[in-house]
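One chain follows as C-alpha cells, the form predicted on its own.
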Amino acid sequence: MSGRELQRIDRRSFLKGGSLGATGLLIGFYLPALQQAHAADSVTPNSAAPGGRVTLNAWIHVSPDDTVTIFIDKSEMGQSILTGLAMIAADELECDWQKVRTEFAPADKVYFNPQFGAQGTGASTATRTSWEPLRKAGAAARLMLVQAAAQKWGAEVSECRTEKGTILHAKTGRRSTYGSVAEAAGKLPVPQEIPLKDPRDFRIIGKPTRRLDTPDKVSGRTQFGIDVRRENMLYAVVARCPVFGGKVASFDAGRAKAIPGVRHVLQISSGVAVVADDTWTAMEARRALDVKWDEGPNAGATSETIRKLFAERASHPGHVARKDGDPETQIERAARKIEAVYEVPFLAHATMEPQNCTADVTAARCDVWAPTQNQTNAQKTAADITGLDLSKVFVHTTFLGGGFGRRFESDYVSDAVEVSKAVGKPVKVTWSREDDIQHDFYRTASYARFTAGLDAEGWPTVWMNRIACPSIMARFGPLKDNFDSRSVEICDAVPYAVPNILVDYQLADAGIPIGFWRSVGASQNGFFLESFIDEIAAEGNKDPYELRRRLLRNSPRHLRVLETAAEKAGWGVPAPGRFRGIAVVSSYFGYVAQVVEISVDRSKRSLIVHRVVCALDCGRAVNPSSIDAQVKSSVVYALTAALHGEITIDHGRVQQSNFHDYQMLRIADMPVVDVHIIPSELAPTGTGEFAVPPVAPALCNAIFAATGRRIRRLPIRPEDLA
C-alpha cells in the first residue's frame, strides 16, 4: 500500500482493539491491510511479553496496576512532543496523569504520518496529525472500560462516569479502577461511534504541564542515541571526502591498524571506516589513515562561485509560482519603484548531540538504535543494505539531542549498518563535531531579487520577486509543474493585499547537499519578505506596523498576532536608547508576529538584543508551557543564525569545523522573550518551527531603525552596525 493510499484512508473507520488476557487493554488505530505488520520487539496479540506485559502496535495500554502507557510514534528531540501527545490521549481517557508512562513506538506502517506517507517527525506535523487519532484512541479506550465495569455491575453505561482512572456508578456508589476491568474491556468489541469530550471539559489539555521526560533527563537515566550500549559492541568513525560528491581513490591503513585496540579498517559507501574497542581509539586511528581522494566535479566550488550562479539565474525569468493582476504593466505605471537583492548563506544544524547510530546485523535480523526523525527511511535504508525483508529490520528510536530536520536523513544509519554487516558485531558509529559541521545537509543558501511599485501616496501597488536557490524536493523526484515547494512557500507567505503580484523561481543547483532545517524555506523567505515590506514602508514614509495593518485587512489571523505583538511591545511608545523592529510570518499553519528591541553602539559596532515580544496563533494550545519553551528555543536558534550563522565553501570544502568558527548564541546574549498565545478553539498546529522566521527580519528592521542601514545579507556583520 502506497503512502498516498494510506493518506486517503479514513482512519475513523479502522479503530481496532484486542483482548489482551490478564495484562490489560491495548488500543489503537489500525489500517486493515496492516494489522499483521511487524513491530520492533513485538509479540503476537494476546501473548505475554517479557515481564508479563502484552504489547502490539497501538496507542494506549492499561495495566492491572492502573499504569497507563501511551505509545509515542513521533520523535522527542527536546520539543516536548512526548508530553503533548500523552496529554491529548490521557485527557480523553480520563486517566490519572500521575500514572501515565510513555514508550516510543516501533517503526511500522501503522504509525505512518499522514502528512508524509511515512513514519517521521518534521514540518511541525506531530501535534496537528495526532490530535484527532489520539483523542479518539483515548475516548474509545475510556468507553470500553466503562462498558466492562457496567457489565460487571449489571448497570447501564449511561449511569457511569469516569474520573482520574476510576469508573463510578452514580446510583450505587460503586467504583472500579481502570486496571481492575482492563482484562474484560480488552475482550469487548471496539465501539464504532466514539463520542469525544466537549473541549470545555478538558482537564489536562490547555493546562501548563510539566514534561514527563524531565526527571530522567535530570538524573541521567534518559537514553539518547549516543548512550546506547550493546554486548560485545565495537565503535567506529568514518573518514569522509572533504569535497562534496568526492569518493575514495585509495587508502593505506597500515599506521591505523598498528594502533592498539583497532580491529578493522574498511571502505564503505561514505568513506573509510575505522573500527576499534572505543571511540577515542577509532578517532586516533582515523587521523593515522592515509587516504587519497577523488574529489569529483565540486572541487572548484566556492561561496563566491555559488553566489554568482544564483545571481546569474536570478537575472532571468523563472517558473511562475503566483501571478495576481498585471504586475509587468503596472510596475511601469508606478509613481515610484524600489528594488533590492537579499541573500542568505548555507547553515548547519549543529545539533548538540552529533550524529550517531548503533546497528547489530545478523543473518536473521537487523536492529538499529538511532536518534532518528525518520523511522521509515531508517528501516528501509537498513533493509536495502542488509538485503533483509522489512519485517526483519527493527528500529529502536531513542531520545534525540536536537534534531532541527537533520535527523530526517539516514546517512548515519547507513554508516552503522554497513559496518556492522561487514564485521559481524554490534557497532556504534559516532560523528565528531567536525564531521557534523562539515558533512551536513545544509539549510540552502538563497538569493532573492525584489521590485515594488508604489502609488503617489506611498502605498504599494506592485510586488515582484524572484528566488534563485537549490531545491530540497528535487532530491525526491522531478519538480512538479516546473516549480517546487520553495517557490510555493514564498507564494503562500505573501499575505499582503497588493493588487499586482508576481513570484517566480529559478532552480540553481550548487552541488552542496541540502536538507530540512528548522522552518526550512520559511527561514529565508520570511527574512526576505518582511525585510522588503519594511523597505516599502520606509520608501512610502509609512510606519512599518501601520503599513502592515492596512495590507493585512483581509488576513485576520495575521492581523491579530501583529496587533497583539505591537501592543505588548509598546510599539509607538518611545524607549530612550532603544529601537524596535517588527515582522509577521505565517508558516506550518501557524501565525507569528514579533517585535525585537535592541540598542546599538555604533562606535564599537556592536548591538544588544534586549527583548523579543512574540504573539502567536497556533490553534488550541495543548501545553502552554511547552509552547513557551518552543518559542524561546526558536528565538535562540534564529538569533544564532542571524548574528553568526554562515557556512562558507572553498575548493568544495566547508571552512567551518566547530563552535569556535560556527558560533552559537551565548547565555549572556540571550534577550528576554515575552510569549503571548492567542486563545483559539481551532485544532492545534505545531509550534516547533514557525517562531523562527520572524526573528531575523524583525532584528534587521530594528537595526535599520537604529542606524538607517538596511541589512540585505545575513549574517549581520560589524560593518552593518556602523
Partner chain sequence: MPIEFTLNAKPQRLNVAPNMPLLWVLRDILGMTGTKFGCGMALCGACTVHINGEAARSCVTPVSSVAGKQVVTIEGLSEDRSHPVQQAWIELDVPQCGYCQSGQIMSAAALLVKNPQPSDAEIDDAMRGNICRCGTYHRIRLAIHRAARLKEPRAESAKAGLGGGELLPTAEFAAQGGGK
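Positions refer to the first chain, counted from 1. Being a predicted model, the structure only gives us computed values, none of them experimental.
Heads up, the form predicted in complex with the partner chain isn't pictured, but that's what we're talking about next.
- Here the marked residues Trp97, Pro354 and Val673 all reach the partner chain in the predicted bound form, each with a heavy atom within 4.5 angstroms.
- The stretch from 371-379, 74-82, 646-654, 337-345 that comes within 4.5 Å of the partner chain in the predicted bound form, counting heavy atoms only, is 74-82.
- Within 4.5 Å of any heavy atom of the partner chain in the predicted bound form lies no heavy atom of Phe532.
- The shortest heavy atom separation between Glu434 and the partner chain in the predicted bound form is within 4.5 Å.
- Using a 4.5 Å cutoff between non-hydrogen atoms, Gly325 does not count as a contact of the partner chain in the predicted bound form.
- Proximity of Thr214 to the partner chain in the predicted bound form falls within the 4.5 Å heavy atom cutoff.
- Only one of Glu312, Glu183, Glu132, Asp227 lies close to the partner chain in the predicted bound form, with a heavy atom inside 4.5 Å, and it is Asp227.
- The single contact residue among Ala456, Val218, Ala363, Ala249, judged by any heavy atom lying within 4.5 Å of the partner chain in the predicted bound form, is Val218.
- Heavy atoms closer than or equal to 4.5 Å to the partner chain in the predicted bound form belong, across 618-642, to the residues Pro624, Ser625, Asp628, Ala629, Gln630, Lys632, Ser633, Val636, Tyr637, Thr640, ordered by sequence position.
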